[in-house]
Every structure is written in C-alpha cells, then in structure tokens.
Ligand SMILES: Cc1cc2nc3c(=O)[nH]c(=O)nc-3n(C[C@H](O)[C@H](O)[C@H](O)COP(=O)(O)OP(=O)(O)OC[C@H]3O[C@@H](n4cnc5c(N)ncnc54)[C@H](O)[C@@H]3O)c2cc1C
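In the block that follows, a single chain appears as structure tokens, in the form predicted alone.
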Amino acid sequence: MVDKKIYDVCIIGAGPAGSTCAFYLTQKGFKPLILEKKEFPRDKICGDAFTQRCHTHLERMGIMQKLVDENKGHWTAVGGLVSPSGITYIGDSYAETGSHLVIAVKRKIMDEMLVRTAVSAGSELVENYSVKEVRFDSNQGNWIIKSKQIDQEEYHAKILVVADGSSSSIAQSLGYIKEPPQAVCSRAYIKAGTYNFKYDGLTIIPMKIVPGYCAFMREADNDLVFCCYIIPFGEAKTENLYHLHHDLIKNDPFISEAIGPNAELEQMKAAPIRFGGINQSYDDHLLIVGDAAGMIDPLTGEGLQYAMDAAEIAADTISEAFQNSDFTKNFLKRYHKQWMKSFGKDFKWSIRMARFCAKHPIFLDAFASMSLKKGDKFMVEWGKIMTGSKKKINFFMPKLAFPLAFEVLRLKRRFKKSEHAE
C-alpha cells in the first residue's frame, strides 16, 4: 500500500482569499494544495471593485502591471454619488489625488489571474473538485478531505484553510457558522455601446433600499456592471432583491437614465453576503478566510480587500505555526486577533453607521451636498473611509463630523421649506 502524500496546507476555494493565501505561502517556501469546485475561467457574482487595499497585493503578485498592459482593468476616476433625495455629485478622484481608489476587473478575469499566479509561484491546483467531507484524524494529526465524486483522490493536509465563500458548506459542517448570510447583492452586465452611462463609476442610494445602494462601474471592455445591494437595518428585505433590482431599473430616474432605453442587460444574478466577521475563524489545524469568515463590510458589502489582507495574515500565521511546530488553536488564535485589529473592529462601526443611516438617510444627503461645496477632496476622503483605506472612526473626526452636522441642519430646514411650499 502506497502512503498518502500529506500536504502542509490544503486550501478549499480558489477565490481571491484562497489564491492570495496560496501565493503568500509559496513565498515562504510552501507548496499548498488548492481545491476548487469549478473550472477556470469561472464567474463570481460581485461588483468587480478592487480598492487600494487590494492594489498592494496585486502589485506584489505582479498582477497589477499585467492588468494595465493587457487592458483588463478600468480605473474608476470620474464618478460620484447620488444621495437618497437626489443630490448628485460628480468628480474626478484621480485629478485630486494623482492615484486611483478603485480598479474595475471582471471576476471571471481576476480570479483566474490570481490562481494562475499562485500556481506559477508553486501552488498545486485541482479544479472540478467539490468537497464532500473534511475530517480531522487526531491520531495522525492531519485533515482528510474527500470529494463528492467517488473516483476523485482523497487528500491529506496538516492545516486546512477554508475559503469557500459566504455560504461556506465546510465552515457550516464544522459548526463555525450557524446562521445564513445577512445580506445579498444582484449583478447584471450591460453590453458596451447600448447604455447612456457617461462615467467610470457611480453610487446611487435610492431611498427605498437605504442603507443599501446601487452601483455602476465601467469595465475594461466597456461593458457596464450594475449591482444592487440589500443590506439589513432598513425597510428593504433580502428576499425582495429580484423585485427591487428590476423596479429600480425601470422606475428610479437616475438608474433608468444611466441605463437608457436600448440597453442590453444580462439576466440578473444574485449572491449572498456574510458580513461583520464570525466569532471564531480558527481552531486546531484550521483557519477560515475571506467571505467564509464573514470578512465583508456591513456598510458597503465590500470584502475583496479584507479577504486579501486576511489571506496574507493567514499565510504569516501558518508559517509561524510550522516554525514552532504548534498547530493548536491557542497558537492559531493570533490570526483571528490580527485580522480583527487590522479591519475586523472597523466592522462594528460599520454596523452602527448602517443602522444610523437607515434611520437618518439625510446624513447621506449631507455627504453629497458637502461634496458639492468642498469638491473632490471631500469626496475622496469619504471614498477612502468607505473602501477601508481609512478607519470608519474618521467619519467622527471634527473635520468631517462638524461640517456634516451643520449641513444636516441646513438640509432639514431646506426640506421643510419645500414641504410647506407644496
């Protein structure tokens, strides 16, 4: 009987979290195994926005320059915000700062670039491998991973990294997540040349879905991606996504104008969002990374940047674990502490802000109104906080909080005058 090969690390899921973790592990001398249930290129429902926190990882992996050279990404320089009451601000973030906050890349392109980069660096990838069961053999000190297909190989690994998305069947089967994802987003691509949209990106916040929002982003091939995010705490419910998505396309004046009468839209697709971070993303010989660990901002529904950050932290922790020959949960807990310190605690502020905005959408009007007064600099500051480049606590710093508070009071007076005039 031939002894089974025992991998140091097996990663389940080849999305940004899994592939980035694999890449960083190769840089530390490991040859991780990645198991992916589908075959590349494969799609993923997402807004396709890679923010500045992602850019750091993409540059280290050599992907950013490739995106630019091969024209596979589109910088979102010109764009802005439409507030719940319709206050509109359009600016140019690049002209103000000389750097880009976001690059739009279709996930069908980006996810394959990430995993191929990890493979080129030394990772092993097995596609079309749908995991049926993971079980830890305490006698051997290894994980046993089995496929749903009886003719596929069984794998063994010292450490298991779970990165199989928001609905993570693995984290559920092991008991680390017990609740369904709290939010949901839709996506529909609009064919190039068939829409009216003029900008690189635009966030629209219809009153009926606050604190959720809609967003447009232009892709490198000039297709346009339209997304609708339904986030809890407001009146909109996740189960109403299909109706809201199509109702907003038809009846919201800003959305319908951007799309135009001749747009060729793909059929709406949807994906669940698990936000706020799970309570325990580690255990003996185990780490949970990315969407599976709920590493998505409760205010924005964004998670790509946090998945990639956590992937690097996971790789560092795994390397330390092997150096110390310690794979216990007491040792691996440092991974959880580090990502919580890096961005997890910020999610608590996001939840507070989402609840607040649901009750007081006028503050979102004030953001747009202040941007009209102060220009791109104010909007860029807002964008950096919203995309995680700066902590949410910065919203409460005097230079932002005081002007916003005064603007809210001014808008309340203006809206009351308008009501009386009617």
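One rule holds for the numbers: they count along the sequence shown, beginning at 1. Since the structure is predicted, the reported quantities are computational estimates derived from the model, not experimental observations.
Below, we turn to the form predicted together with the named molecule, even though it does not appear here.
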**Report entry** Partner contact for Ala271 in the predicted complex: the named molecule, 4.5 angstroms, heavy atom
**Finding:** yes
Query raised in the report: Counting only non-hydrogen atoms and a 4.5 angstroms cut-off, does Lys384 reach the named molecule in the predicted complex?
Result: no
Requested in this report: Please check if Glu36 has a heavy atom lying within 4.5 Å of any heavy atom of the named molecule in the predicted complex.
Outcome: yes
Query raised in the report: Would Lys44 count as a contact of the named molecule in the predicted complex, using a 4.5 angstroms cut-off between non-hydrogen atoms?
Result: yes
**Report entry** Candidate stretches 344-352, 324-332, 83-91, 303-311 - the one whose heavy atoms come within 4.5 Å of the named molecule in the predicted complex
**Finding:** 303-311
Report summary line: As a check of understanding, the residue in His245, Arg107, Arg218, His336 with any heavy atom within 4.5 Å of the named molecule in the predicted complex should be identified as Arg107
Query raised in the report: Ok, Ala366, Ala49, Cys357, Leu58: which has a heavy atom sitting within 4.5 Å of the named molecule in the predicted complex?
Result: Ala49
